[in-house]
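As a starting point, one isolated chain is supplied in structure tokens, in the form predicted on its own.
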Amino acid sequence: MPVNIAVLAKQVIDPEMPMAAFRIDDTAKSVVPPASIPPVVNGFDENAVEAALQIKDSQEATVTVLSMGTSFALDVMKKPLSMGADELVLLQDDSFENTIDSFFTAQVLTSAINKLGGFDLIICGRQASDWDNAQVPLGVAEILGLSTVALGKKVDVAGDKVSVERVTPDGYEVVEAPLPALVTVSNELGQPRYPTLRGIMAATRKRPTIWSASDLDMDAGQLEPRVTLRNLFIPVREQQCEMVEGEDGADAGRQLALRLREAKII
């Protein structure tokens, strides 16, 4: 029997974009996507795709990528397909805009997972580069009642178990869990593979499955967010520089020490 793997991936604004291009809509309390800089697949989620494909390289497996949002750049979200994933399911609806609510996001994703019939293994990136909450994978595992292993650097499946080399502060430990299970991976897993020309051509011919909220049979209560964003702003940074001079280097050092003592720094 092939291992049925799901990868949860998120489309995010490019974290490498220049700070000057970063804008916030104060009224909508949201980040304004820069028109000249395309979004990307979250970096840790690309590690998750790579982890799934490594399993597929070693044994028979199918890899389905799921993502939730209000609008998608298809050429961006098809990257996992060009890397070697088999299917892409996009959960797209205007009601899915409150992605800061991790529990809401987890509910939407689990509804899609249940509609797809469930998976033997769900692999996620450790966190998303936009909010950095690292809560959605754990929420999905909690709702589905799955065993969870976090911060994996290597993931293997043998029989009815998943074995994970898990990152620790002083190295790593090997953890096993029965399938079905959920694993989050980190960048220690290694550089995700580059799409091949054949993979890119194959991805262009594949049509993703797109589901709205109504397709997921979610009731009104499930679509109500539990987190309200009160404010969103770019912190103001102020810097002051004062040159401390003296008759010579030694005098300048004494003057600096006096100023630091006055400021109660030393």
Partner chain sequence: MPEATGVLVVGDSIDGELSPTSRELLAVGRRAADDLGEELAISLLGDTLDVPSQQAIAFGADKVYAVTHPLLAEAQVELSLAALDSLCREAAPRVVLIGRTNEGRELAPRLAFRLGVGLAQDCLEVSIDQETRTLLANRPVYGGNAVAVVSLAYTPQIAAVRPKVYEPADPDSSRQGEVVSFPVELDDSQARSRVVNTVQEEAEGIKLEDARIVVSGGRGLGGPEPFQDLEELAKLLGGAVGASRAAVDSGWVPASYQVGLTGKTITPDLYITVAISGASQHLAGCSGSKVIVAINKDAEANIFKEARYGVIGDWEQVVPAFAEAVRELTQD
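The term rigid core refers to the maximal set of C-alpha atoms that superpose within 1.5 Å between the two forms. Positions refer to the first chain, counted from 1. As the structure is a computational prediction, the values presented were derived from the model and not from experiment.
What follows is about the form predicted in complex with the partner chain, which we do not show.
**Student:** Would Asp86 sit within 4.5 Å of the partner chain in the model of the complex, counting heavy atoms only?
**Tutor:** No.
**Student:** So in the model of the complex, is the partner chain close enough to Thr27 to count as touching (4.5 Å, heavy atoms)?
**Tutor:** Because no heavy atom of Thr27 falls inside 4.5 Å of the partner chain in the model of the complex, the answer is no.
**Student:** Could you confirm whether Glu224 comes within 4.5 Å of the partner chain in the model of the complex, counting heavy atoms only?
**Tutor:** Output for Glu224 is yes: heavy atoms within 4.5 Å of the partner chain.
**Student:** Within 4.5 Å, heavy atoms only: does Trp211 come near the partner chain in the model of the complex?
**Tutor:** No, Trp211 sits far enough from the partner chain in the model of the complex that none of its heavy atoms falls within 4.5 Å.
**Student:** With the partner removed from view, which of 230-238, 201-209, 62-70, 48-56 is the stretch that lies within 4.5 Å of the partner chain in the model of the complex, judged by heavy atom distances?
**Tutor:** That would be 230-238.
**Student:** Please identify the residue among Val76, Ala134, Leu116, Val157 with any heavy atom within 4.5 Å of the partner chain in the model of the complex.
**Tutor:** Selected option: Ala134.
**Student:** Pick out the residues of 83-103 whose heavy atoms come within 4.5 Å of the partner chain in the model of the complex.
**Tutor:** Result: Asn98, Ile100, Ser102, Phe103.
**Student:** Checking Ile13 here: with the core superposed, does its CA move 2 Å or more between the shown form and the other one?
**Tutor:** No; that C-alpha moves by less than 2 Å between the shown form and the other one.
**Student:** Once the core is aligned, does Ser36 move its Cα by at least 2 Å between the shown form and the other one?
**Tutor:** For Ser36, whose C-alpha is compared between the shown form and the other one after core superposition, the shift is less than 2 Å.
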